[in-house]
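One chain comes next, on its own, written as structure tokens: the form predicted alone.
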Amino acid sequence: MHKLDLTGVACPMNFVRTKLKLEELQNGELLEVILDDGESIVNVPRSVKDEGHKILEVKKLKGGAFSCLISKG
């Protein structure tokens, strides 16, 4: 599984970085993206899903950030 920590990165750059990372992966590979609360955790999963990938899990982490587990579609 690959991991991308985007805490502190503002919208829409966090989606852009997520998209670029997903382009490096093969279909079916997993990417865990760590995102801040607010716009980031609302917009990134929705945009990733719109691009044809699967959101497997979104969970809140200690400290207020979120983990979004994505399967490349």
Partner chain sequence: MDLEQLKRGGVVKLKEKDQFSVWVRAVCCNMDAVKFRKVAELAERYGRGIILLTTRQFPIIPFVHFNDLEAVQRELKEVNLMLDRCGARVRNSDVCYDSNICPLAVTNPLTLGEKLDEFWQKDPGGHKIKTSIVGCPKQCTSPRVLSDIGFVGVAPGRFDVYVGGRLGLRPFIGEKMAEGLNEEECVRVVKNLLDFIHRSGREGERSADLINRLGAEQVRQEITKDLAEKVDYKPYACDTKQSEKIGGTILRIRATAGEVTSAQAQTIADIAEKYGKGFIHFAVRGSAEIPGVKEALIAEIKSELAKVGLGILDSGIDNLQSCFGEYCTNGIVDSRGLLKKIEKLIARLGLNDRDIKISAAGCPNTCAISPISDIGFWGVIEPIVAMEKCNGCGICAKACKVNAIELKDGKAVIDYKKCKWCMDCINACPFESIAGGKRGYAVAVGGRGGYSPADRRGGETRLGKVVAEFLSEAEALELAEKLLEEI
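Numbering follows the first chain given and starts at 1. The model shown is predicted, which means the values in this text are computed figures rather than measured ones.
Not pictured, yet referred to below: the form predicted in complex with the partner chain.
Put simply, residue 37 is close to the partner chain in the predicted bound form: some heavy atom of it is within 4.5 Å. The partner chain in the predicted bound form is approached by residue 19, whose closest heavy atom lies within 4.5 angstroms of it.
Proximity of residue 55 to the partner chain in the predicted bound form falls within the 4.5 Å heavy atom cutoff. Heavy atoms of residue 41 reach within 4.5 Å of the partner chain in the predicted bound form, making it an interface residue. Annotation for 4-32: interface residues with the partner chain in the predicted bound form are 11, 12, 13, 15, 16, 19, 20 [heavy atom within 4.5 Å].
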